[in-house]
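A single chain, nothing else alongside it, follows as structure tokens in the form predicted on its own.
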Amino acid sequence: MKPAAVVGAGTMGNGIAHVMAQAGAEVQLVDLSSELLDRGMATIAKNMERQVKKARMTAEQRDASLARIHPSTDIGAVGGAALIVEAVTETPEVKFEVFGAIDAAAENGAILATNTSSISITEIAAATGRPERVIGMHFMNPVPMMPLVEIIRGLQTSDETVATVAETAKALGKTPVEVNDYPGFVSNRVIMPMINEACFCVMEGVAEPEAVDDVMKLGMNHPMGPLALADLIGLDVCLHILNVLHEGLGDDKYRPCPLLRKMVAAGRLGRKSGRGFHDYS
């Protein structure tokens, strides 16, 4: 694979760097601080060690993959990459600022991809001087395990960019599915109303969180209940995506549940805070 870069070393960013390095790419992993980079690299090492124990890679492959990831706090490190994937916080203003910086540092022919789960690709592309080479590349969490990559075409994204990114996804062992640029794309437009309705069930006293999740797992054959899934995604992220859907589509069926808003305000964000609809302490 050609050299790549990932901007953002959090949950999604370190997972994307992981699969790129495992596929043979030299990867620049960029974030604001050494502390964030160290945390991301530690997560990658832990997840690769788990793959070794499950015989999904050898110790030699693990060591070689880790050696292909180059942490940096300098956005200029993306300069030699053919594909740059942004995976920073899901805030429009931050995305636009980061994309402007990436655009300035990247080579003219580089493709700029965003892992956004809900923000308009067309709007992000407008923050650059190369909108035809900007695309959505929405990986699923956890990245090393989940096979889907949602490929989102902005208004000006070229056919060549779409084809290149789809081939790259296949080289990473993923299945690319092309969708168009609408709020929430397909994945979140379908899953978030279910999560939201599960929140309403709890708020209205229809059932406890465990019961709601058991009904969906045992009755609908879902691998994880909607509230456990919300805890995994992060309740703050779910709330943000529902706000984007509500504002972008103007339909009250996307109105975030008041209980979800209350839990986010209280800092009960799910797994990452130790408590959400379920207790992880």
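Throughout, we count residues from 1 along the sequence that is shown. Here the structure is a predicted model, which is why all the values come from computation and not from measurement.
Not on display, but discussed next: the form predicted in complex with ligand NAD.
Do heavy atoms from each of Met12, Lys95 and His138 fall within 4.5 Å of ligand NAD in the predicted bound form?
-> Every residue of the candidate spot has a heavy atom within 4.5 Å of ligand NAD in the predicted bound form.
With the partner left out of view, is Asp31 within 4.5 angstroms of ligand NAD in the predicted bound form by any non-hydrogen atom?
-> Although ligand NAD is absent here, Asp31 would touch it in the predicted bound form, with heavy atoms inside 4.5 Å.
Is Asn196 close to ligand NAD in the predicted bound form, meaning a heavy atom pair under 4.5 Å apart or at it?
-> Asn196: no, not in contact with ligand NAD in the predicted bound form.
Can Asp181 be called a contact residue for ligand NAD in the predicted bound form at 4.5 Å between heavy atoms?
-> Asp181: no contact with ligand NAD in the predicted bound form.
Mark Val88 yes when one of its heavy atoms lies within 4.5 Å of a heavy atom of ligand NAD in the predicted bound form, and no otherwise.
-> Residue-level check for Val88: yes, a contact with ligand NAD.
Name the stretch: of 103-111, 167-175, 153-161, 116-124, exactly one has residues whose heavy atoms fall within 4.5 Å of ligand NAD in the predicted bound form.
-> It is 116-124 that comes within 4.5 Å of the partner.
Ok, Leu36, Met48, Leu239, Met216: which has a heavy atom sitting within 4.5 Å of ligand NAD in the predicted bound form?
-> Of the candidates Leu36, Met48, Leu239, Met216, Leu36 is the one lying within 4.5 Å of ligand NAD in the predicted bound form.
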